[in-house]
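Below sits a lone chain in structure tokens, taken as the form predicted on its own.
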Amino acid sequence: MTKMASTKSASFALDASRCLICSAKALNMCGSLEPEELSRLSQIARCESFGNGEALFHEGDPAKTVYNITDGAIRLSTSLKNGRRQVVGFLFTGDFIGFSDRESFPWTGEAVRGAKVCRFSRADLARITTEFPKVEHRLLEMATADIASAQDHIVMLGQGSAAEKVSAFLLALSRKSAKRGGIENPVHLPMTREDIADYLGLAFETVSRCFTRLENEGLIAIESTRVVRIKDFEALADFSDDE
């Protein structure tokens, strides 16, 4: 039996005027659409807001809904057989969740410090893609980006040491932000150190020590628990733990 999703802090019907002024429009699947096409898309969407830790869906829930992130971040995780949590990805403004042929969600999606999304019925969105080929093309582009993110995750997990994993993680977040027209540096971390640990397959204490070590090495400056400034990109990319 699947779990029920957490209560949403807000849910309301979308309208075309909101689409036109959406700050995430250029990043998501709506960016290439004309006003009349946005109006058609808005008819099948609902806006929803989620508080910190609230779930959009749980692992095993029927995958009948897809989500377009318009603000904030989403953590994707799965439960391992030993009871531990494995974070499999972080999604940000402009990212898309759930448009696949899976019958159920293979992971749990939770808001990280709050998030806003546009929610669509998967069946409705499938019909829209036939009506507007530009939407289908954009979704394919976003799927390609998802594959690239998965490859980055594999590279991080393959790093030789915990500090190297953390270094690769910070650089990947910086690159992703820059590609989306955001700030390359400092790196903003909406997720917790525990989230990072579960993403990199490390212990929480190990991740905390790695951040401290990288700062002591002069490679980063920890401005707050949520903001890290990279002081030397090249040195961080070349960092090798010889201990």
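In this text, all values refer to a predicted model and were calculated from it rather than measured experimentally. So that there is no doubt, residue numbering starts at 1 and follows the sequence shown.
Quick note: we don't show the form predicted together with the DNA, though the next part is all about it.
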Review point. Among 190 to 198, 37 to 45, 62 to 70, 171 to 179, which stretch has residues with heavy atoms no more than 4.5 Å from the DNA in the model of the complex?
Key: 190 to 198
Point to revise | in the model of the complex, the one of A162, L139, I128, V88 near the DNA [non-hydrogen atom within 4.5 angstroms] | key: A162
Review point. Is there a heavy atom of S32 no more than 4.5 Å from a heavy atom of the DNA in the model of the complex?
Key: no
Exercise for review: Mark R226 yes when one of its heavy atoms lies within 4.5 Å of a heavy atom of the DNA in the model of the complex, and no otherwise.
Suggested key: yes
Review point. Taking heavy atoms and a 4.5 Å cut-off, does A203 contact the DNA in the model of the complex?
Key: yes
Practice item. May I ask you to state whether R209 is within 4.5 Å of the DNA in the model of the complex, using heavy atom distances? Key: yes
